[in-house]
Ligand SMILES: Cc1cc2nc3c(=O)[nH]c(=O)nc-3n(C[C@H](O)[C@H](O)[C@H](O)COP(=O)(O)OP(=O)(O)OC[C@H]3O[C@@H](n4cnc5c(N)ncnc54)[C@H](O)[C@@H]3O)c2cc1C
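Below, in structure tokens: the form predicted on its own, a single chain.
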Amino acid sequence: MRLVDVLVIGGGQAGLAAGYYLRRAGADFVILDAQDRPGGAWRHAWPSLRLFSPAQYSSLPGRMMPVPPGGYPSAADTVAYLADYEQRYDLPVLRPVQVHAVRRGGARLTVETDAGTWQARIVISATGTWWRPYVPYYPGIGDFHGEQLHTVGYRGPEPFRGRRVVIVGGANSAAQILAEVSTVADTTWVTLRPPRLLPDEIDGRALFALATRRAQGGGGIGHLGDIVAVPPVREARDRGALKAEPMFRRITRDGVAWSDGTSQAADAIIWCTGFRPALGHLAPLRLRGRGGLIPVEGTRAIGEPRLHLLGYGDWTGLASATLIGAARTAKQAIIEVMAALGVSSGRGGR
């Protein structure tokens, strides 16, 4: 049994941001990461993936991400940056360590892992969402004779060369995958509502600023759109590949069909339909509310104040699933964590 004041679960971008502020505050902490190498979920993304904000707006606290050619970092750029960040700040990351359960254990929370048991005064869960891909149910989904895969299984366009591919989803991942698959395959893009492409001059910086205004009651981003026109998406738009169809009604053995009786043959369906928070390790705490989420105040779980949740999206902090959002959310979370420990976090500012 090992004791620590703060235990962070997850060594991706959110966990490292928390580690940065914990280190600056002089905290007694450890980060447990299930991966065998640095980089978090970015290690598992497809090679051509691009962040939708320039490098200078996709950085963790204290260390600017190097600017790659074109300005928009790739998944590999992000992995290299996170590995360097972890080393630069000498963050105490132990890996690979798989956390199985977090339980109440008197004055501390008990964290059970495949490498032993820890007890912590505060636990920060930063496991993200990549590990829980979401595929919605449609009638006939089990009857399809072709290939089905989620974003997490996509590695590049070449396996789809010469095939008929249906791409499902109306956000940035779908648009980027469509942009390159459509260069080698006959693609059909289907979305729940018409996709909205941002003007070329607007990227993730503007989205984050406008989302901040929305959170402060100053208006939303709906009039601008959702998809950032990174260079591959612009190229696909200019050659007419970004035409979307409404969502199909059902899946057949050989493709998809709409309610008006029309159908489209397909050899593969790529589901770019998002993720759910990876929270299975917190099940013993019995904190989930309606919709499967844990009620929080900021990042702190209302039903267990010794638990903070970091990096799961707007639910636990404005844009906290992004690099810049994780950094901002982590700063406030660690101020609260150190206050709960009875320690000033005055050095935790940036």
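Start at 1 and count along the sequence shown; that's the residue number. It should be emphasised that the depicted structure is a prediction, and the values quoted were computed from it without experimental measurement.
There is also a form predicted together with the ligand; it is not shown, and the following applies to it.
Asks: Indicate whether the ligand has at least one heavy atom within 4.5 Å of a heavy atom of Ser53 in the model of the complex.
Replies: Yes, Ser53 sits close enough to the ligand in the model of the complex that at least one of its heavy atoms falls within 4.5 Å.
Asks: Taking the shortest heavy atom distance, is Gly169 within 4.5 Å of the ligand in the model of the complex?
Replies: Because no heavy atom of Gly169 falls inside 4.5 Å of the ligand in the model of the complex, the answer is no.
Asks: Any chance Val79 has a heavy atom within 4.5 Å of the ligand in the model of the complex?
Replies: Result no; Val79 lies far from the ligand in the model of the complex.
Asks: Ala14 near the ligand in the model of the complex, any heavy atom under 4.5 Å?
Replies: So Ala14 counts as contacting the ligand.
Asks: Among 22-30, 301-309, 288-296, 36-44, which stretch sits within 4.5 Å of the ligand in the model of the complex, heavy atoms only?
Replies: One stretch meets the cut-off, namely 36-44.
Asks: Just to be sure I understand the contacts: of Ala268, Leu91, Val99, Ile227, which is the one whose heavy atoms reach within 4.5 angstroms of the ligand in the model of the complex?
Replies: It is Val99 that has a heavy atom within 4.5 Å of the partner.
Asks: Considering Phe275, Tyr85, Tyr154, Phe144, which brings a non-hydrogen atom within 4.5 Å of the ligand in the model of the complex?
Replies: Exactly one listed residue reaches within 4.5 Å, namely Phe275.
Asks: Give, in sequence order, every residue of 106-134 that has a heavy atom within 4.5 Å of the ligand in the model of the complex, or say none if there are no such residues.
Replies: If the 4.5 Å heavy-atom criterion is applied to the ligand in the model of the complex, 106-134 yields Ala126, Thr127, Gly128, Thr129, Trp130, Trp131.
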